[in-house]
Ligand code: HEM
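The data below hold one chain only, encoded as structure tokens and taken in the form predicted alone.
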Amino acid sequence: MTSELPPLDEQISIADLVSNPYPIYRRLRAETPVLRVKSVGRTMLTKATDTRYVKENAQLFSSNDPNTPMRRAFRAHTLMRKDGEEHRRERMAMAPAFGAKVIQEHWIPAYREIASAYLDRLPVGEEVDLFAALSAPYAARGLAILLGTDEATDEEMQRWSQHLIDGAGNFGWADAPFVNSDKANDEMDALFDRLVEKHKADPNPSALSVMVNADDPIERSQIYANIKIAIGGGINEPRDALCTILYGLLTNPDQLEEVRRNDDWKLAFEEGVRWVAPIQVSSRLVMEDTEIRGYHIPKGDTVMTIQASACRDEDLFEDGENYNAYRPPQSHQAFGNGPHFCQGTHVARRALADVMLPMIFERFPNIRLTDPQKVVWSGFGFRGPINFPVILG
């Protein structure tokens, strides 16, 4: 085995990665696909074969990275940082809420009701920020019902999610994001304490209810931690994906016309999450000395799989920098792979492709962006538009 470490970069900043990481990833794929990046304290992997290899080898690349800000942000050791049987037990505790029959019979009807009500309140003929007025609250309300936290307001769900995300992505270990995540944790704990007895008295298919009513429940602290994980990731993914897909379609009217004619909303969805992956990066702890692309990766190092880059890898995707709903079919890694494949993938896909996307264009067939240049994209760990100004008609 070689003793040469990957090259070290001291120029790439976290601010660069938050602002516009894609030109950086494109350069790294071509020049240095295995690179130690000082600002994030990780060895970045930007090629799809390497990110998939790491995610599918949990014994060699553990999710239990002690240097991640996630434990600090969530004040818990969540299932996202567990492997093997421990991870499987906690993941399966929530699984009944995400089954295909439950999604079909309970969550999709709920999402349809929410979508209809939230579309009804949008103004017609004037500029509206669809991110704030529709995408974020739709994701928040649907998730609250699915999780069994529907007593929380849309605003609370969104604020908690963002503060958890900011804390979990706080690789610079600044104080302010943790102050906010601590406040969010306190508020969520208080809510969950109230809801547990309610769900015990009146069981239902929601995630909190199925966990507290299980024959062999996991620890209460882990139930809370894993509901928080779902809040942290379950709002931003459909929220950001919806605006991303709409941007792709509205800036490619020929594709939009074809998608509408053929009801190809699932194709539009898959391309959107490939093009701008809502969850951009993940960290893994190296358990044994190993080698990637000829470089020595020592035990105890932390590698960072860049799903955002893997989803645009030229080896798999021709012209991957652009949105193309009709590109040749190819699997992507936007929802991860291996044991930690996103549990909410099927709900998010159906909530957008089966419900919201066709309903938007049915209600507002002449929807248009006021100016594509006004849309601001942001995020390193999680990414998407943070505004979406449109005229509805």
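For every residue, the number given is its place in the sequence shown, counted from 1. The structure displayed is predicted, hence computed values, not measured ones.
There is another form of the same protein, the form predicted in complex with the ligand; it is not shown, and what comes next is about it.
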| query | finding |
| --- | --- |
| The ligand: the contacting residue among Q307, S206, S161, T244 in the predicted complex [heavy atom, 4.5 Å] | Q307 |
| Interface residue in the predicted complex among R350, K47, R36, K55, criterion: non-hydrogen atom within 4.5 angstroms of the ligand | K55 |
| Within 4.5 Å of the ligand in the predicted complex, all of G248, N322 and S378 (non-hydrogen atom) | no |
| One stretch from 285-293, 123-131, 167-175, 84-92 that, in the predicted complex, holds residues within 4.5 Å of the ligand by heavy atom | 84-92 |
| Contact of V273 with the ligand in the predicted complex (heavy atom, 4.5 Å) | yes |
| Contact test in the predicted complex: Y138 vs the ligand, heavy atoms, 4.5 Å | no |
| 4.5 Å heavy atom contact, I279 to the ligand in the predicted complex | yes |
| Proximity of L316 to the ligand in the predicted complex, heavy atoms at 4.5 Å | no |
| Sequence-ordered residues of 229-243 touching the ligand in the predicted complex, heavy atom within 4.5 Å | A230, G233, G234, E237, P238, A241 |
